[in-house]
Structures are given as C-alpha cells and as structure tokens.
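Shown below, as structure tokens, is a lone chain in the form predicted on its own; questions about how it binds or moves come after it.
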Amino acid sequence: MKSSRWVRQWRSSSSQHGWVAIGLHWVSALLIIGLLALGIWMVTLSYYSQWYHPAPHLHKSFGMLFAAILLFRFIWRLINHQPEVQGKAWERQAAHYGHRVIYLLLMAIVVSGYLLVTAEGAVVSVFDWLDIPASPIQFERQADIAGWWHRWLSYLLIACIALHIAAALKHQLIDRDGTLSRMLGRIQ
C-alpha cells in the first residue's frame, strides 16, 4: 500500500500547490458556495421574515470579506508559481481559459454587488466593525442595472463551478492523474 505524503511548503511549485494556494482555494470555495446559497435564499424572504434584514447584512459582509480574499488570491497567483496543468492540450487550454472566466466572473460579481449596495450612497457595513465608503460614481438606475448583472453573473458562475467540479472529478476518477489530490495537499 502506497503511503501518501502531504505538502509541506507554503509556496507552490511547478508540480504542487503550496498551503497558501490550497487554503485560499478551499476558503474561497466555501465562501462562494455560501454566498450563492445565501443570495438565492434571501431574495425569497418576505418583509416579515426575521431574516429579512440580517441575511442581506451577512451577504454584504461575507461578500466584502470574499472581495479581500479574491484580491489577495489574485496577487498571490501573480507572484507565485503555478503547477503544470495535467491533461491533453485541449484540456490544458480549457483549464487556462476556464480559470480566467471564473476569476472575471468573481470580480464582476463583487463589483456589481458593491454598486448595487452603494447605489443610494450608503456605506457597506462589514460585520458592523468596518464601513466601506459608497462608490463616488453614481449613475441612473444603478441599483436595477447592478442588481441585474449581479444576479445573472451569479447564475453563470454556478454553471462554471459545476463544470469546474466535473473536470476535477474527471481528472481524479477517470484520468487518475492526481489533479484533485494536489488541491487537497497530497503529493503523488
């Protein structure tokens, strides 16, 4: 029986993700899934629900926390090695563009959410201990336009996440190339 070794380095290499990249990936995944679920649920609440005000406050707070993590993750990705992508040439290209699309969607969702929340000039309160100022740029029907984009980009993100998960499972279960294991911190 082959014993698996676990990643010990904090930075990524050309063959393995480091602990920082792994941690950022899984914390982001939890936040994204939680924000999507909370967003879908909170728009169904009636005015008389006990969660009518707390749910959007949590969504905004975790959204701003995610924005900070996304910014750090983007910088980390730029200054750090990326492990070589496994698979055929078309799979590597699909992974390359797929990751870029997911990052662009995440950034657009964060910006549209911020524009939606600050449409009336209100600050974004993050867990009641930090206020993010409103956007100095305001435009006509900002809440409607930003809200529309926020919603539909989120639905598109759900489809991209489903493809991302399907690809990871295909690599793990069919190709058996260790792609998912590397993101779990195991060295093959």
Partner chain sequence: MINKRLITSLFLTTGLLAGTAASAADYVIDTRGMHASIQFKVKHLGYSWLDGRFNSFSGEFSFDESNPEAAQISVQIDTGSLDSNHAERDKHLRSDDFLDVEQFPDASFVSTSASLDAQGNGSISGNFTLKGVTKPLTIEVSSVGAGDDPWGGYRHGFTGTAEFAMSDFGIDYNLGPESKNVYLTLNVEGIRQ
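Residue numbers count along the first chain shown, from 1. Note that the structure is a prediction, hence the values are computed from the model and not measured.
The protein also exists as the form predicted in complex with its partner chain; that form is not presented, and the subsequent description refers to it.
The listed set 119, 132, 65, 163 contains one residue whose heavy atoms approach its partner chain in the model of the complex to within 4.5 Å, identified as 119. Here is the short version: of 27, 158, 58, 143, the single residue with a heavy atom within 4.5 Å of its partner chain in the model of the complex is 143. Residue 45 belongs to the set of residues with a heavy atom inside 4.5 Å of its partner chain in the model of the complex.
Using a 4.5 Å cutoff between non-hydrogen atoms, residue 34 does not count as a contact of its partner chain in the model of the complex. When its partner chain is considered in the model of the complex, residue 39 lies well away from it, no heavy atom lying within 4.5 Å. Heavy atoms of residue 127 never reach within 4.5 Å of its partner chain in the model of the complex, leaving it off the interface.
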